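Only one chain is shown below, in structure tokens, and it's the form predicted on its own.
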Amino acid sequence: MAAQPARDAERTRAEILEVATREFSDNGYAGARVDEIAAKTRTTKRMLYYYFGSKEQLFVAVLEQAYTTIRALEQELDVEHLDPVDAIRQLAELTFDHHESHPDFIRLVSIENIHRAEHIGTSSVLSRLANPALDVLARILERGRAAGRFREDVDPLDVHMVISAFCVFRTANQHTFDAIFKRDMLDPARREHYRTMLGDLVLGYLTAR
């Protein structure tokens, strides 16, 4: 009989996280209201605090879920059976697709940067996600170097930064870029162009001599 309450608790927690993700990404950490989050779920403010302890801990949980999702997708990529060039392109495309389809993630990262990563610094979960993110890249780069395809002096973190920078910029700056240059970077007609461009940019760096 204990399984049902446990499942109910998991559903309630997941529902709170879903609503909180929207509230924090739309209104920022300071602007989001716990009362509003509770009102949009099937629970109470008291139960919200029961599950998460505080507004800050709820925001940390939202960040943890957002980052864990992209790290899990990276880990699922079967890079060992791909040519290193194809593996790099697929990893870049995976990040491109994820960031495009998860604008809440981009906004949450921007909000946390406004707060100088003070919330991420309190999370033991997020501190453990750095190595998985780089391990996938490191394995691809190692195979590429061994095959004579990639240059020897490449830092996996630099490659991660290049991929992230392109994908975050395209979503985070969509509206300002369009207002200034009259080009919507999320225009479906340009999607494959930008997706291919990202892979070309990364591979151009990796194969430059």
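The numbering used is simple: start at 1 and walk along the sequence shown. Remember, it's a predicted structure, so these values are computed and weren't measured experimentally. What we label the rigid core is the largest C-alpha set whose atoms superpose within 1.5 Å from one form to the other.
Omitted from view is the form predicted together with another copy of the chain, to which the following refers.
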(message) Just to be sure I understand the contacts: of T69, T44, T176, S54, which is the one whose heavy atoms reach within 4.5 angstroms of another copy of the chain in the predicted complex?
(response) T176
(request) May I ask whether H81, E100 and E152 all come within 4.5 angstroms of another copy of the chain in the predicted complex, judged by heavy atoms? (result) no
(message) in the predicted complex, is there a heavy atom of another copy of the chain that lies within 4.5 Å of any heavy atom of I120, even though the partner is absent here?
(response) yes
(request) Could you confirm whether E142 comes within 4.5 Å of another copy of the chain in the predicted complex, counting heavy atoms only? (result) no
(request) Report yes if any heavy atom of F169 sits within 4.5 Å of a heavy atom of another copy of the chain in the predicted complex; otherwise report no. (result) yes
(message) Whether D200 contacts another copy of the chain in the predicted complex should be assessed with a 4.5 Å heavy atom distance threshold; does it?
(response) yes
(message) R33: after superposing the rigid core, is there a C-alpha shift of 2 Å or more between this form and the one not shown?
(response) yes
(request) Compare the position of the CA of H160 between this form and the one not shown after a rigid core fit and state whether the shift reaches 2 Å. (result) no
(request) Superpose the two forms on their rigid core, then report whether the C-alpha of R149 is displaced by 2 angstroms or more between this form and the one not shown. (result) no
